[in-house]
Each structure stands twice: as structure tokens, then as C-alpha cells.
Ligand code: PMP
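Taking the form predicted alone, here's one chain by itself in C-alpha cells.
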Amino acid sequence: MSFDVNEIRKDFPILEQTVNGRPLVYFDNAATTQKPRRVIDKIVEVYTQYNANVHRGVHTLSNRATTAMEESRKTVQAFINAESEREIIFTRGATESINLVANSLGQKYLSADSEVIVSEMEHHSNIVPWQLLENQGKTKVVKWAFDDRGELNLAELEELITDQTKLLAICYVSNTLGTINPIEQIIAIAHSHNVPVLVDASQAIQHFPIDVQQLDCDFLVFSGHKIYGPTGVGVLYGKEQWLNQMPPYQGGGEMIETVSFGGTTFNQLPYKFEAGTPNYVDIIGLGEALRYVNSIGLENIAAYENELLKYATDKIQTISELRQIGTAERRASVLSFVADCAHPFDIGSILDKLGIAVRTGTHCTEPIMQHFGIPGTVRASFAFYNKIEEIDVFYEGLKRAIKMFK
């Protein structure tokens, strides 16, 4: 298809509003993306036409809901090119997906002598679950530091891996620095030492194509709301041989095969890890979101968003009072910076008065802020429905804010 941002924007009703009397400029896409009308309509359709608990039902509504949910599983499988739909586990989000892996591995594979390597640029959701295991005496967390450009050194990874290394947990794209890590090379290094890899793709899945078989990652996680889908739903991809060996994360309905007071046997994949009533409405909405993204084309999205990022980066580099945080050679649609004359919160507040939504603070990446010795950043993050003209508005707003605080 031909890429027409003005036509695409018509798919997102929230973008039509004004904020503080000005057209909304939404540059907080790394926190959550807006939802196209067809996703909203799909959720309404479920609730108004076939809302019923999935699986095991014999009546028509239950069968329709079950079919729609399982179609979403197949859509996710195809979207990331997983080998089997059994490798697709639905969760509440990337955070629960990581906690699932951490807790399940912690039950069976990790001990006080184990080590889990975690990069310094991770979101808290890919640090704290491993620290909780460390507090329980089940592993040791080993930090893989980045340099002042926001890049990881692959040679240092080789030095960090020991005979005790049981897992590497790494983000594909940093939500603060925008760094696109060389995941395929990282995985190859880890696998050469028989170390499995968990990839947090929360900030990558919406920006460019991901093929889990090509990457050869052992686990991959993402959240639906980052890729134009509903909140409260996410995905854990795991290689089938790993998922079969791992014990369940939670107990309850659906994840069992038989239950008695003499003992319980567990269900087959993927249901072994999906205890209780799933969030089937939003799972169906996620499938619709992925189909929408496919209709635009991730290659088209990547090319256009790269234009936005380059244009925005060039513009803010002309403002001498600003310092960009994260200057890696390969970056996705995130632009973080600090000002020498104002706190990030103050700049964000002024921009909001001008109808411009950005994120300020630590972005759940406090180790990054500690690395640079700063309290936080202003972060502008872009999506394929943003326009060059909006970046111009953002640029003028920044200059106005800097002038006020100077």
C-alpha cells in the first residue's frame, strides 16, 4: 500500500481532539500507543455479540468467543513466525511474561550459585523479577553495562558469561535510549556458551519485523498496548522444549488436566500457563491490532518512523541548551534529552499547556539515570500516525519552554 499518514490518522479517533485549546500532539507512544477504530470496534463486537467464557463451553456464544481467541493466537504466531501456536502464551503484559519465566525457572533450574545476566538499560520489569529471585537465594544478578552512547559491548558479554550463567535477559530496544541492540549477535554469543536468552521486545514489536526462529531466542515477550492493541494483555513466546520442561507459574482452572486430592496433572501447552479465565476480549482485540499493523506493513512503518526520528533528532540538536541522552548508531523511535536550565517535569508541563504529550521522569529505567547522573529525561516517542508538522510544533514548544526557564 502507499503510505499516507493523513489517511492513517483517520483510523485513530483520539487524535482528532484538542488539548488546552490546541490540536493534540501525542508523542508518548513508548508508554502506550493509541488504538485504531477497528480494534475498538472489535472489542465492542465481542461484548455485544458473543461475550461468553471461552473453552469447554458447548453453547454457540462460547464457541464463537473461543474460536476468535484461538484465531488471535494463530495471528500472533504468524506475526513473530513462531514454529507452533503452542509456543504462544497469553499474559497480562510483558511484565507478567517476564515474571512467569523468572518464577518458573526459579522453581526448577536456578540456585544460589546461578547467575542471570541483565543489561543496565533494562526496564524495571526485566530487572526486579530477577532481583526477587536473588533475594530468595535462587540466583545472582550480573549487570552488563552500556557505554555513554547507550551501546553494549559484545566483547564484555563474553567476559561476563561463566559456567554459572543460566540466562541472559535483554531488551531488543531501550525504551529510554532508543538503542536497537544487535540481538541476533547477542543470542549467538550466549548460545555458544549454552546460555538461553529472554528478549524483551516491548519497544521493538511495533517498529520493525521480528522473526523468532531467525533470531533463535528462547523466550520473547511483549505487551499488546505497545502495538496499538488493548491494555491488560501480553504475550510470552517460548521455545516448546523449554515450556514443556518448565513448571506452571499459577494454578487454577484451564491449566489442569485432572484434579483430585490425591494429586493434579497439568494441561498441555499453551494452556498449562494460562490459569483461570483469560482476558479473551482483549486477546481478540490484540489479534485485530496485529492484523491492522499487517495491513499497513511493518516495513512501511519502519521506514516512515526512521524519517520522523531523524528529523526530530536534527531539530533538537540545534537547541544548544538541550543534551540528548542515547546516541547509539542504531536507534528506534525514541528521543530522550535533558536541559541545563530546567527539570524534565517542568518542560513536560509547559509542553502539555501547548497540547503536546511527552513523557518525563525515569521511564522505569533508574539505572540508566544513575549511569548519566541525571534525575530523568524528557522523552518524545513516535508512531507511524505522527507527522513531520507535529515535530515542528514540538520544536517551537521546546524553544518557548527553554526561553521561559532561561
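The first residue of the shown sequence is 1; numbering continues from there. Remember, it's a predicted structure, so these values are computed and weren't measured experimentally.
In what follows, reference is made to the form predicted together with the ligand, a form of this protein that is not presented.
Asker: Can residue 73 be called a contact residue for the ligand in the predicted bound form at 4.5 Å between heavy atoms?
Answerer: Flag for residue 73 set to no.
Asker: Would you check, heavy atoms only and a 4.5 Å threshold, whether residue 203 touches the ligand in the predicted bound form?
Answerer: It does: once the ligand is placed as it appears in the predicted bound form, residue 203 has a heavy atom within 4.5 Å of it.
Asker: According to a 4.5 angstroms non-hydrogen atom cut-off, is residue 93 in contact with the ligand in the predicted bound form?
Answerer: Yes, contact at 4.5 Å.
Asker: Closest heavy atom of residue 173 to the ligand in the predicted bound form, within 4.5 Å or not?
Answerer: Output for residue 173 is yes: heavy atoms within 4.5 Å of the ligand.
Asker: Determine which one of 219-227, 142-150, 73-81, 111-119 lies within 4.5 Å of the ligand in the predicted bound form, judging by heavy atom distances; exactly one does.
Answerer: Every other range fails; the passing one is 219-227.
Asker: Pick from 131, 125, 313, 165: which residue has any heavy atom within 4.5 angstroms of the ligand in the predicted bound form?
Answerer: Spelling it out, the residue with a heavy atom inside the cut-off is 125.
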